[in-house]
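The chain below stands alone and is given in C-alpha cells; this is the form predicted alone.
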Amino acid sequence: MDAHERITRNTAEVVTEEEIETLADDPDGKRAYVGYEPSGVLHIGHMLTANKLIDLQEAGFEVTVLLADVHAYLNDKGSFADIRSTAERMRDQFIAYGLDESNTQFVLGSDFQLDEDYTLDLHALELETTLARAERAMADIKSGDSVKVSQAVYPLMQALDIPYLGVDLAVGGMEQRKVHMLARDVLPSIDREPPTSLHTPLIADLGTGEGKMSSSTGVTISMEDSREEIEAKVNKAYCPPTADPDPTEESVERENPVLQVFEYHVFPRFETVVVERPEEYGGNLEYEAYEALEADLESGELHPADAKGALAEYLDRLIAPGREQLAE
C-alpha cells in the first residue's frame, strides 16, 4: 500500500485531491491534526478518526491531537476545571488505543488560544464572518437547540487552530466539513493558507442504521464497556443481510452499522478476521479483506448473527487496552 492509498483509504472526502497528492508525494515530517472536546472516555467516534491518525503515522506523518478544552467550555460541556481534569485521561486512552506516543503531540487549546496574538486574529476573523455563516458551520456539532454567541465563535477558533498548530492536514469526521470549508474561506483574509482537509465517514446508529451513531443519543460503544456490554450492544445491532438496506417506511435512509464498523474499525487494524462457527454450520470463515466479508453476508454464506459475534470479539480486542487504562 503506497502513501496515497494509506492516507485516503476509508475516507469520505479529501479537500482537495490535488493537495492530498502533493502531501502523499513526500509525507515524512508532515503534520496532521484532529481536535476533540475532552469528554473523559473515548467512544467509537473518536476511534474512527484515531484509526485514520494511525494510518497517517504509518505513512510518515507526525500527529497533533488537540484536546480542545476551550472549545468544550464554549460548547457548554462543563466547567473549565471539570473539562481539564478529563483531558489527561483521554490522552492516555489514545495511546492505549494504538497511537504512536513518540510521534504524537497532545496540546491543550488553552495553551495557545488565550494568547494575545491568537485573540487578535480571532477578532479579525469575526470581522470577516457573518453570524449566519458561523451558525451554518456549527450546525452539525453544536450542543443544544439554540445557538449561543460562544458557539458562533467556536468554528472560527477551529479555523484559526490550524495555522497556529502549524499543521499540513486537518482531519475530522464529515460533521467537521462545514468548519473546514469555513476555514478555507476566511483564513486567506488574515494571510493564512487555506487548509487541506480529510474527512472520515459517519457510522449509522447501531440500533437502527439511521442517522449517525452518537454518544449522547442511541447506542454507542466506548472504552468503559466490558466485553459483556459490547456483546450485548452488538447483538442488538441492526444488521440485515446486505450492505444496502431499504429505507424505513418514512423514507429515512439506512446503513448497515455492523458492516460499517467492520470496514472502518476492524479491518484497518487486523490483517485477518476470523468468524468462528461450529463445524456443523460450516466451520470458521477467514477474511483478509472487508469486501470478502460483505460479499459473504450478501450471499448468505455468512449469517448476521455470526458476523455480530466476530464483531464483538474484535471490538473487545481493540477496546481492552483502553479499558485496562481506565481501570488503573
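Quick note: we count residues from 1 along the sequence shown, nothing fancier. Predicted model, so just to flag it, every value in this text is computed and none were measured.
In what follows, reference is made to the form predicted together with a small molecule, a form of this protein that is not presented.
Chemist: Is the small molecule in the predicted complex close enough to Ser222, Asp316 and Gln325 that every residue in that trio has a heavy atom within 4.5 angstroms of it?
Modeler: No, none of Ser222, Asp316 and Gln325 comes within 4.5 Å of the small molecule in the predicted complex.
Chemist: Considering the small molecule in the predicted complex, which of Gln93, Thr86, Gln158, Asn256 comes within 4.5 Å of it through any heavy atom?
Modeler: Contact with the small molecule in the predicted complex is made by Gln158 alone.
Chemist: Which residue among Leu56, Leu42, Ala68, Leu293 has a heavy atom within 4.5 angstroms of the small molecule in the predicted complex?
Modeler: Here the answer is residue option Ala68.
Chemist: Specify the contacting stretch among 241-249, 158-166, 225-233, 194-202, defined as having any heavy atom within 4.5 Å of the small molecule in the predicted complex.
Modeler: This holds for exactly one stretch, 158-166.
Chemist: Hey, in the predicted complex, is Gln176 touching the small molecule, heavy atoms inside 4.5 Å?
Modeler: Gln176: contacts the small molecule in the predicted complex.
Chemist: Hey, in the predicted complex, does Gly35 get a heavy atom within 4.5 angstroms of the small molecule?
Modeler: Gly35 belongs to the contact set for the small molecule.
Chemist: Taking heavy atoms and a 4.5 Å cut-off, does Ala183 contact the small molecule in the predicted complex?
Modeler: Residue-level check for Ala183: no, no contact with the small molecule.
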